[in-house]
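Here's a solo chain for you in structure tokens, the form predicted on its own.
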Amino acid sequence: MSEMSENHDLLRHSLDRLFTQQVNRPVLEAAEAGTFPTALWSALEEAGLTLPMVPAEQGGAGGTAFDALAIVRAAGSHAAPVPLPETMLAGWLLWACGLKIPAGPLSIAPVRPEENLTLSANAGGGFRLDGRVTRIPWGRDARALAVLATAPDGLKVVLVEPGGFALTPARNLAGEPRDTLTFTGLAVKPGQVAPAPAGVDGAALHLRGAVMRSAQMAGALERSLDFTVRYAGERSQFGRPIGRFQAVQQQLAIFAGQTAAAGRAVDAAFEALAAGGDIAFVGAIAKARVGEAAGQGAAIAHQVHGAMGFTREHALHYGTRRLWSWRDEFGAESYWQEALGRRIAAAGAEAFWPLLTGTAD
């Protein structure tokens, strides 16, 4: 086993132990009732898990994309009610353009490609931010937002601190904050604005968000599969565990196959991210494939669990409600399947096989 593999095994074990200790039913129920899990977030920050891809000299952990994958996947597996992927994205964006990264949970805006914010100059030398963005993850709990805004001289990254904008609260099916933020002439200081990094625009940010969400979903699928296999071995009907019935075994095999395929698609996306290459193709595949697996996997999980799986007393719903919510965020599978189709059609038939196998120039 290589040193890298050993290090990542240690990281996975540490993550599982931390999330097992910090994420329990009272924490999850309190988060859905509106109480941010401060103790969980403090533990994650103290362990250096919130900014893995930011250099250590900039306040991050100086890790790799594979570290980020392990962290986000574990968070999804344990249904951790904190904005880990959003903080990673915001931290990366702020670091890439040279802006200071605040401590605490962060978020990004916009998260929908059709929405846009505008930045214009004030007479006094500062700027004003205008526009409306919806479904912002953890908007009410973020210590700051990394915002992409259109200015007359190009795309800008804006560090927005709480206050000064209107917030309309909303939640997704899993009870996670997805708020609407309205900016009306919000005053922004010059030190809070920087040109967007080369190659980073709304589409690129949306794609990275999709890849991060895919990793969360892969973790939630794995945990839901574990719950389902365990339940099938414990629940008896007609004198034997239901997991010994062929029909149930077939469904569990489908669930396992979907989970494995989704996990491998996510791995491929993070491998491309780590290599610094173009993640558009593999990122789109990851979100589309994980979304498809989420639909089939969650359905099988609830079929096997029966009525028990629909009760709040059973922990299954913490994962499946997130799968149903996350599959639509940063683009549902139909969105990314269409993007893949357009790219393949534009490249032409001869380019399809090299594109599919990763041997294209």
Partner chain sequence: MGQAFRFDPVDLPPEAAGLRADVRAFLREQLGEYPAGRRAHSWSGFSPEFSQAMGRRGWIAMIWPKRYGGHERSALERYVMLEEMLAAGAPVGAHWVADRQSGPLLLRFGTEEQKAFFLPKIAAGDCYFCIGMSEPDSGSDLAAARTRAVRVEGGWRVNGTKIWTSNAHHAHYMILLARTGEAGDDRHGGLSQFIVDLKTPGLQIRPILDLAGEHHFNEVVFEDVFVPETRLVGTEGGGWQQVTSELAFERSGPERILSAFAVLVELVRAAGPAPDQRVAVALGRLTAHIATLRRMSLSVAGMLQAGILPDKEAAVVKDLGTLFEQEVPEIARSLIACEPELGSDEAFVAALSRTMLYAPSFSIRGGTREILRGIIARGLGLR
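Residue numbers count along the first chain shown, from 1. This structure is a prediction, so every number in the text was calculated from the model and none was measured.
What follows is about the form predicted in complex with its partner chain, which we do not show.
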Residue among Ala265, Ala174, Ile101, Val160 with a heavy atom within 4.5 Å of its partner chain in the predicted bound form | Ala265
Which pick from Gly131, Gly202, Gly243, Gly209 sits with a heavy atom within 4.5 Å of its partner chain in the predicted bound form?
-> Gly243
Verify the contact flag for Gln58: yes if a non-hydrogen atom of it lies within 4.5 Å of a non-hydrogen atom of its partner chain in the predicted bound form, no if not.
-> no
Report whether the minimum heavy atom distance between Pro113 and its partner chain in the predicted bound form is within 4.5 Å.
-> no
Mark Thr150 yes when one of its heavy atoms lies within 4.5 Å of a heavy atom of its partner chain in the predicted bound form, and no otherwise.
-> no
Quick one: is Glu222 in contact with its partner chain in the predicted bound form, heavy atoms, 4.5 Å cut-off?
-> yes
115 to 123, 177 to 185, 245 to 253, 192 to 200: which one contacts its partner chain in the predicted bound form at 4.5 Å, heavy atom to heavy atom?
-> 245 to 253
Sequence order please: the residues of 298 to 337 with a heavy atom within 4.5 Å of its partner chain in the predicted bound form.
-> Ser334, Gln337
